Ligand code: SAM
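Here's a solo chain for you in structure tokens, the form predicted alone.
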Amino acid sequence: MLLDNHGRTINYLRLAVTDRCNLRCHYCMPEHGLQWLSRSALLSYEEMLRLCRVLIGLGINKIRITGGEPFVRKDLMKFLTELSRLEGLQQINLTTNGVVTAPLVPELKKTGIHSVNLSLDTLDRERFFQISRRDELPQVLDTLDALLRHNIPVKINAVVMDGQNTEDIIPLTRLTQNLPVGVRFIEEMPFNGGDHLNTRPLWDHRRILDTLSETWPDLEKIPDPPFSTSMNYRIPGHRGNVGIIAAWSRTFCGTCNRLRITPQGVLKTCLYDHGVLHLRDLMRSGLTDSELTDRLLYVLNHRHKNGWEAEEARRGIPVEESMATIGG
């Protein structure tokens, strides 16, 4: 078991395989001016596998593949197959926007992908275009259908944005009536490439919950799984459930069990820190696995208590980088 300096179990890695994306959602990145990483700046698949082996040896047993959009990186399926063969790894999960994912779902099922988080902020095609700057909603819905047909557990992630998609909270939640999905509403965060100020979102977790309760007064709180980032609820008679992630309010830091590795190989022990270890550079400088392990254990024994402390430690560097460069 891997523990940090606050006694929290660490068993979950979010691994971003690319910063590139085929959408341009304005809560994630600016419309123009984002400089994509060169191929040499990215971790290679071989380097990712090496890091995963080291971290699994320390106690990581769940890995989520993120981006950018993971499926815009060439040969991702081959990498997932190799990753699935690592001894000691219990779960591989994916986060995708679903634009090009539908044809790959049978292969994902064969590879043993445990679950998929599908980014879907609206069911309205015009609003989808306004948010993502791309007309791709039908392709995303095709992916949702394919995942459900192949019995891959699905969670729908929707970022709640004032004046953009708050009218979608109820339609998205209605999906849980007949579909075995979890719909999770996420407080908007400042990781957007500096497109707007780092201020408390107008739609925080309390307001989202109030909106749900107005339509469904019988909304029931259900137990949250260990290490859950979402507060979870069910509506009597619905097949699925609904969750709210207080990503800006950061109410779940006390049980955080995750690490992040960015596409360029920077380790983040908190979403809000500025990066604590440049793993890519360390590997390319010739460090052994044993030396990497020592560096990893050191930073985990100096982990921030919560997201507010991590943000404060940035010492004036604003929290405005694009989520695509971090790993969604």
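The structure displayed is predicted, hence computed values, not measured ones. A residue's number is simply how far along the shown sequence it sits, counting from 1.
Although not depicted, the form predicted together with ligand SAM is the subject of the following passage.
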### Query
According to a 4.5 angstroms non-hydrogen atom cut-off, is V140 in contact with ligand SAM in the predicted complex?
no
### Task
Tell me, yes or no, whether D168 is in contact with ligand SAM in the predicted complex, where a contact means a heavy atom of each within 4.5 Å.
no
### Query
Wondering, does F191 line up within 4.5 Å of ligand SAM in the predicted complex on heavy atoms?
yes
### Task
Tell me, yes or no, whether S230 is in contact with ligand SAM in the predicted complex, where a contact means a heavy atom of each within 4.5 Å.
no
### Message
Going by heavy atom distances of 4.5 angstroms or less, which of T101, T122, N241, T95 would be at the interface with ligand SAM in the predicted complex?
### Response
T95
### Query
Any chance C28, V159 and E187 all have a heavy atom within 4.5 Å of ligand SAM in the predicted complex?
yes
### Partner-proximal stretch of 67-75, 101-109, 173-181, 253-261 relative to ligand SAM in the predicted complex, 4.5 angstroms, heavy atom
67-75
